[in-house]
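Heads up, the chain below is alone and in the form predicted alone; it's given as structure tokens.
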């Protein structure tokens, strides 16, 4: 998708953590910024914000580790529509 989708994803993550800055390639789970259950909030956010269905193999934890990874998932899902 690009800069706009990354900005929207970054804003959502920043709204849910105590940090004020986040690089697009920061692993939010490895850095301990969120707990593993946050992935479900990301799934709901992606589905509602971008109008895509996150199912099956999309639900792999690795797809939600960073802004870049979430953006890659969104881009792939939108291209398949």
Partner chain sequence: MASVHTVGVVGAGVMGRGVTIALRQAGFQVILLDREPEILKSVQRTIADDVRLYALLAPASAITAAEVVAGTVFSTDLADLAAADLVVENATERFEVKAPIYRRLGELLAPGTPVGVNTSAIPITRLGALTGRPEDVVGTHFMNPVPLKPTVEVIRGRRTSADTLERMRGFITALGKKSVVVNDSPGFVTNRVMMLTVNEAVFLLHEGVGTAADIDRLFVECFGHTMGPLETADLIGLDTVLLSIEVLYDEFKDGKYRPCPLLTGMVDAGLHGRKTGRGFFDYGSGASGSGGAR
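Positions refer to the first chain, counted from 1. It should be emphasised that the depicted structure is a prediction, and the values quoted were computed from it without experimental measurement.
Another form, the form predicted in complex with the partner chain, is not on view; read the next lines as being about it.
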Do residue 23 and the partner chain come within 4.5 Å of each other in the model of the complex, heavy atoms counted?
-> no
Residue 27 near the partner chain in the model of the complex, any heavy atom under 4.5 Å?
-> no
With the partner left out of view, is residue 32 within 4.5 angstroms of the partner chain in the model of the complex by any non-hydrogen atom?
-> yes
Residues in 52-76 with any heavy atom within 4.5 Å of the partner chain in the model of the complex = 54, 59, 60, 61, 64
